[in-house]
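Here you get one chain, nothing else, as C-alpha cells; it is the form predicted on its own.
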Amino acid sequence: MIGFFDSGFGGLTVLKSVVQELPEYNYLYLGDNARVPYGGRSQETVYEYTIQAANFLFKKGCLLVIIACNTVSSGALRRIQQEFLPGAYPDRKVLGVIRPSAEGLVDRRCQKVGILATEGVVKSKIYTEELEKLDPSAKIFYQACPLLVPIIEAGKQDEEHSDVVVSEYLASLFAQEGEIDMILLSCTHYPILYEAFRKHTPPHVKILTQGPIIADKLRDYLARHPETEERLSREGTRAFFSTDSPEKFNRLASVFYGKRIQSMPATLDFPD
C-alpha cells in the first residue's frame, strides 16, 4: 500500500492525480486536520508530528509514504529519512513533493519561477537549494501566503475575501525585481484556488500545480525501484483517515478529491 500524508486536505489534490495516473495500487490517506496548519509551526514540532503520522501509516501496512505537504517536505523529510527510518522502519520509504516538483520545473525549462508557499517553505528556501543542484541558472522568487490554508480548510475558498487575498499575494510577488515566466503553487492546498490565481496572473505566465508532477515522478520512481514496486498491493483500494471529525473531513474532502469520501478517525502517537 502507498500512504499519503498531509497536514489537512491539500494532499488530496496530489492523491487525486496519482490515482488517475496509477489506479491499480492501494492507497491510504491521512490528514492531520486537528492540527492544521503546519506552516507557522517550528521545524521540531513539524518533525514530531510527521514521525507520528509516518508511524500510523506504516502500522496500517504502507510500504511507501508520500509526504504530500511542502511544509513537511521542507522541514522534516530529510530527518525522517536519515534519523527515523533506519532505526524504526529500515525496509520502508518516505518521499516528499519538493524534489520532484523542482525536477518538474527543470523539465519545463523554467528560468524565473515564482514560488507561492507557506511561511515555513519560504523561510527554508528549499526550492533554491534543490534548483541549484539541478539548474543553477534558474532564479526563484518567493511569496509567503499564510492566510490561504486557513481559508481553504474552513471551506471559504469561494468567498470574495479569498479572491482579494490571492490578488494581494500575487501583486507582492510580481512587485519583486525580475520577470517571472512561471508560478508553482507550492502548497498542495492552493489548487483549490487555481481560478483565482489564474484571474490575477498575466496570461503569458504559466501556473503549475504539483499533483500531475508528483504522479509522473512517482511512476518513474516505481519503475526505477522494482524492489519496492513489486511489494505493493494492487486491489485498487482507497482508505481515508483524519485526526479531526470524520464528518467534517467527509464534507470538505470531496472539494479536493473530486469524489465523496468516507473517512475514519485516526489517533497519532509516537512509535513504541
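Keep in mind it's a predicted model, so treat the numbers as computed, not measured. One-based numbering along the sequence shown.
Although it is not shown, the form predicted together with a small molecule is what the next lines describe.
Enquirer: Answer with one of I115, L105, C187, I126: the residue that has a non-hydrogen atom within 4.5 Å of the small molecule in the model of the complex.
Expert: The residue from I115, L105, C187, I126 that makes the contact is C187.
Enquirer: Would you kindly say which of F56, Y47, Y38, F240 lies with a heavy atom within 4.5 Å of the small molecule in the model of the complex?
Expert: Looking at F56, Y47, Y38, F240 one by one, just Y38 meets the 4.5 Å heavy-atom criterion.
Enquirer: Thinking of the small molecule in the model of the complex, which stretch from 69-77, 162-170, 83-91, 133-141 has heavy atoms inside 4.5 Å of it?
Expert: That would be 69-77.
Enquirer: Any chance I152 has a heavy atom within 4.5 Å of the small molecule in the model of the complex?
Expert: No, I152 stays farther than 4.5 Å from the small molecule in the model of the complex.
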